Structures are given as C-alpha cells and as structure tokens.
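Below, in structure tokens: the form predicted alone, a single chain.
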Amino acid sequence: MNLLAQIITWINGLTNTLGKFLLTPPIAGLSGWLSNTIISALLGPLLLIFFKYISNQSAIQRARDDMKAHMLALKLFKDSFSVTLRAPWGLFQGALRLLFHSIRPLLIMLVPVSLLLAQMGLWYQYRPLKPGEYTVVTMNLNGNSDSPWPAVTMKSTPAVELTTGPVRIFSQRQVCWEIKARQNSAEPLIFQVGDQEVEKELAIGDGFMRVSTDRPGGQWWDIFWHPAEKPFSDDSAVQSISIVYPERLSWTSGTDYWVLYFFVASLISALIFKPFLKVKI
C-alpha cells in the first residue's frame, strides 16, 4: 500500500471514531430529514468561521470595494467613453482577485468537507437490508487470470442464508454469492480464503444504520470514499469485498439526494449567519 493510501487509512481511523461519536446520536435517533437539516445548519456557520480565519479578509474586502467603485463609476459617468472602457476591465480584475483570494481557503476546506461527506454517506447513501431481502456479495481476488485459485468459502451465520454460490468469474477473479437476510444483525460476514480468515461488515435492520458497501483494496480513492472498514493490503489474497444494498428513497436523506439537500441547507444556514459572523466572501 502506498504512502497516500496509508495516510488516508490513518485519517479514516480518526474520522470513524469522530463520526460514530458525533453522527450516531442525531442520525440514528431522528428522522432523516431532521438529522440532515441539523447537521447542515450547524456546518454552515462552522465553515464560515473556518473560512474567515484561513482567508485574507482584508484583501477580499479591498477587491470587493474596488468592484463597487467601478460599478459606481459606470453609473455616475455613463456618458464618459473612457470610463465605459476602463470600468469593465477594472471589474474583471477585481473578480479575478476575489477568486484568487477565495480559492485557497476553499481548497483547504474541501478536505474536511469531503471526509465528512464520506462519513455521512455511510448513513444516507444506502439503507440496510431487511429480513427476507436478497442481495449479492462479490469478492475480488488478488493475482491475474492464470494465478491459482485459493479455496474460498463463506461461513454460515444465523443472520443470513446462503442461497447461491460460490460462483467463480474466472476472467475477473471474482467470487460471488447470493444471500438472504434472515434477522436484524450487525455481525460481519466471515470468509475463509485459503488459510486466511477475512470479514466484511453487514447491516440488516430498520431505520438508519451505518452501511459499508465496500471493504476496499489499496487504491487511495477507494479507501477515501469507503472509510468504514480496514482496507486489504496489496499482498492479501483478497483485494476487495462488496455488498449490494438497496437505495434509500427520500428527497432529503435518500440515495444521492442527501448530498444536494446537505449543500442547499448548509448554504442557506451560512447566508443567515454571515452578517452576524462578519465574514467577507
């Protein structure tokens, strides 16, 4: 595993702890729209404060003042040919300066916001299985198409019934199972791969539970967006395990829509608190 993947794995360990401590009470205990609204409403002002102290507020204010001056000049001296030519160029320069002084703090803020979104996605992006539902589990093995295949089995548990598999897809070195959820459970699936025992989180129940669709391999982008489980090392016989979960249906806390609602609600909250926090954007 490369250095970047290792760093992200360490960061995920911290964000998982913080996520369970900070996100579990509101999300597991409230309705989806209310929990997402509360998180968004709190984050908007926090991001404003963060932006205020990592940005050059005086330079942003000067750029905004210059733009206002050029707009005023256009209004007051609209009959002047020279002002008509110079003012738009001054507005353009001011906009570039404003963008320059805003983009650095925005890029810095992108990292913690992305980590938060990865944690929230564990709750909102998919829902857990319900007893009686079927799904597919896919394991990707290490090696190429000519490599020998290890013996692979899934251990039975009271929570799931193995209905089909293992089915081997030789061209992709994948092993697939179809399972049926029997009862509410947060116990992991356990696999025996050769002499190695590996686990994959499984969520069966109602309401909101942390749902980890993938236990990733060594690619840093997979580790970043699937933070809940420890990634497999590059020399592991298993490179990833994924479970297909049902989509969550909601305009405010459902699959994909929760992100849009989060950004809209946090933006509205930031605009409400902006005059009180005296932040120049």
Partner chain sequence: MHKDNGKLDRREFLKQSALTAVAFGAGLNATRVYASTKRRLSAGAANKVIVIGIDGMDPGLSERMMGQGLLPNFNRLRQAGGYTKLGTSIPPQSPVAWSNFINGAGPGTHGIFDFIHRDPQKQCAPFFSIAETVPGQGYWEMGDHKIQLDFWPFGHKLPQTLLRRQGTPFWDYLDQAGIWSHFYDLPADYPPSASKYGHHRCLSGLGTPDMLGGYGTYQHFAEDGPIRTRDEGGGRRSVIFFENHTSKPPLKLIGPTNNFLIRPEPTTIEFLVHRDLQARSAVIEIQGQKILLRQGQWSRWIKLDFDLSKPALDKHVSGICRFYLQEVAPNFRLYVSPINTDPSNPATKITEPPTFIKDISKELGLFYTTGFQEDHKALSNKVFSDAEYAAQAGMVLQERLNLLQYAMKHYDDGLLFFYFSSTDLQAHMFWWDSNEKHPTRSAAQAKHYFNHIKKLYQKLDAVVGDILNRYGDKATVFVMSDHGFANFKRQFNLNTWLRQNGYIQPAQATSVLADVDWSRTRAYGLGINGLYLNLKGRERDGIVAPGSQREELLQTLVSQLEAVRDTNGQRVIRKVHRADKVYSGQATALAPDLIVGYCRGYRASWDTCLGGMTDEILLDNDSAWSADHCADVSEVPGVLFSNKPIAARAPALVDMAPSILTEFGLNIPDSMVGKSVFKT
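Numbering follows the first chain given and starts at 1. Worth saying up front: this structure is predicted, and the values here are computed from it rather than measured.
Unshown form predicted together with the partner chain; subsequent notes refer to it.
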Review point. Does the partner chain come within 4.5 Å of any heavy atom of Thr138 in the predicted complex?
Key: yes
Practice item. Find out whether any non-hydrogen atom of Gln172 is located within 4.5 angstroms of the partner chain in the predicted complex, and reply yes or no. Key: yes
Exercise for review: State yes or no: in the predicted complex, is some non-hydrogen atom of Arg86 no more than 4.5 angstroms from a non-hydrogen atom of the partner chain?
Suggested key: no
Check your understanding: Is Trp177 close enough to the partner chain in the predicted complex to count, meaning some heavy atom within 4.5 Å?
Key -> yes
Check your understanding: Want to guess which of 102-110, 161-169, 193-201, 89-97 is within 4.5 Å of the partner chain in the predicted complex, heavy atoms only?
Key -> 161-169
**Study point:** in the predicted complex, residues of 198-227 near the partner chain [heavy atom within 4.5 Å]
**Key:** none
